[in-house]
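As a starting point, one isolated chain is supplied in C-alpha cells, in the form predicted alone.
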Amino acid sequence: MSSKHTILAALKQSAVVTAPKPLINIEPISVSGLNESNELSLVEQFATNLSTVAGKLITQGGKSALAEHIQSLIEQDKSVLSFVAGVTGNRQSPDRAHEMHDVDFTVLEGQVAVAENGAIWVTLPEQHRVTPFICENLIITIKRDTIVANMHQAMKAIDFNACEFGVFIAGPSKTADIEQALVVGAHGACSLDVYLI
C-alpha cells in the first residue's frame, strides 16, 4: 500500500459519521402592516427594498412605458441592447463580449423578484454572462406574479436545471469600502430601473 492510500485509509477511519441534514422550514417574514398574500403589499415592499439598494421600480405603464422610454433613449443617441420581446433596442448582441464596452443601456427580463431584499433572479440563456454588468445602465422587467416574499420562496421558485447561468441582481453596482461612503456604479451598471409589466 502506498503512502497515499495509507493516508486516505486513515482519514476514512477518522472521518465523522455523516448525519442527515435537519429539515429547515422557515415561515415567510411578515412585515408589520403588510399582508404577504396581498399582491400590492408585496409590490410595495419590493419597491421599498429596491430603493434601499439604489434601484427604482416603475409600476405604471408596463411594457408600453418601457418601450417609449427606450425610444427616447435611442433618440438621444444612446446605445440600447434589449433582450425583452416587444422592446426593441438599437444594438444587437455581438459575438464577442468585448464589443459591448459602449452599451449605454441593457434591457433584461427578470424571472423572480424578492420583496424582502429587492433582488431579482436573472438568467442569461443566450447572452454573454457579462451582459448585466458591463453596461452603463441596467433595466429589468418583472411580472407582478413573480414577486415572492423572501429568498426561501425564491429558491423554491427557481428551476436551476433550466438555465446555464443565472444571478441575483440587487440594485446597480455599488461599494462602501472607503470610509463607508456609498458609491453607486463603482464597477458595473450605474443605475437599475425595474419595470413592472
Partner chain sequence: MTQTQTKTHAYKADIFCQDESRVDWHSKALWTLREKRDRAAKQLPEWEQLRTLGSQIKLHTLSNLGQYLETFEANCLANGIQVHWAKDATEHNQIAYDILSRHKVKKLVKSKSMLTEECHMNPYLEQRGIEVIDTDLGERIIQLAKQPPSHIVVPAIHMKKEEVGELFHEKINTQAGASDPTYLTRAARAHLREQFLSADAAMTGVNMAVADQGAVIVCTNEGNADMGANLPGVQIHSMGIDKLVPDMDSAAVILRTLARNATGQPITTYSSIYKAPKSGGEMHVIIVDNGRSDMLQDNILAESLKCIRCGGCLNTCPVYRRSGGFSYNYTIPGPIGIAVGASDDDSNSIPWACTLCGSCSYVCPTKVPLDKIIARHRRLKAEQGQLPYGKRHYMPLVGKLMANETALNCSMSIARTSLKILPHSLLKPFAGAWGKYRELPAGADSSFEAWFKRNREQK
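Numbering follows the first chain given and starts at 1. In this text, rigid core is short for the largest set of C-alphas that superpose within 1.5 Å between two forms. Remember, it's a predicted structure, so these values are computed and weren't measured experimentally.
There is another form of the same protein, the form predicted in complex with the partner chain; it is not shown, and what comes next is about it.
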Inset, instruction - With heavy atoms only and a cut-off of 4.5 Å, decide whether residue 43 touches the partner chain in the predicted complex. - result: no
Inset, instruction - Verify the contact flag for residue 163: yes if a non-hydrogen atom of it lies within 4.5 Å of a non-hydrogen atom of the partner chain in the predicted complex, no if not. - result: yes
Legend entry - Contact label in the predicted complex: residue 97 to the partner chain, heavy atom within 4.5 Å: yes
Inset, instruction - Evaluate residue 117 for contact with the partner chain in the predicted complex, applying a 4.5 angstroms cut-off between non-hydrogen atoms, and reply yes or no. - result: yes
Inset, instruction - Give, in sequence order, every residue of 160-182 that has a heavy atom within 4.5 Å of the partner chain in the predicted complex, or say none if there are no such residues. - result: 160, 161, 163, 164, 165, 166, 167, 168, 169, 170, 171, 172, 173, 174, 175, 177, 178, 179, 180, 181
Legend entry - Displaced residue check between this form and the one not shown: residue 15, CA, 2 Å or over, core reference: yes
